[in-house]
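This document opens with one chain alone, in structure tokens, the form predicted on its own.
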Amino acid sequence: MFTRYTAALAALLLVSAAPFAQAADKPTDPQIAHIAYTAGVLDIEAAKQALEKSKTKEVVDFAKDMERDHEAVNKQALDLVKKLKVKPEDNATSQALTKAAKEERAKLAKLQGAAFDKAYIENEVAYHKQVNGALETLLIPSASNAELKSLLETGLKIFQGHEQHAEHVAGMLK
């Protein structure tokens, strides 16, 4: 069901857009909320791992940005689901993301120095490309609540910036 990238880490985006669609042809708003929140939590965990392992300023700064931004978006998401009285619904996509992220964090834990930095950043590029694609092609079009759709659209703009930032850092590490 999932395609593995050779790059490591935040396995979150070690998924192709197809697995997002396989969880449900058109996910419900509670499923979308759970997928989006889970993706954010997993990237926060990846960032924390990078903050513990990396000594490279650009990587550390990038990880700090990921932690801050994903925590802020997830707070907005939690506030919204409380306001709407929606209970996020666990689903196969969220479970698969969590499993893949755990495996990638374990692989990254074995790397040190430049090898870790390179694997972390390459995975962040791939991850954000995949998340952005899933937001554009599945999650945003499937959201029926206008406020949820708006939050996802805001998240997409932020995460497109993350993708560009990750690509920039990757270029610096070469």
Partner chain sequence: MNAIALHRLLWLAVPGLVLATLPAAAATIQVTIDKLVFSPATVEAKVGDTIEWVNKDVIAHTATVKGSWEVMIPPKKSASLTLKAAGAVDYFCRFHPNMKGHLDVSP
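Small disclaimer: the values here were computed from a predicted structure and weren't measured. Residue numbers count along the first chain shown, from 1.
Separately, the form predicted in complex with the partner chain exists; it is not shown, and the next lines address it.
Proximity of K26 to the partner chain in the model of the complex falls outside the 4.5 Å heavy atom cutoff.
Though the partner is left out of this view, L84 does not reach within 4.5 Å of the partner chain in the model of the complex, counting heavy atoms only. E122 falls outside the set of residues with a heavy atom inside 4.5 Å of the partner chain in the model of the complex. Heavy atoms of D69 reach within 4.5 Å of the partner chain in the model of the complex, making it an interface residue. In the model of the complex, the residues of 133-163 lying within 4.5 Å of the partner chain by at least one heavy atom are, in order, S150, T154, K157, I158, Q160, G161, H162.
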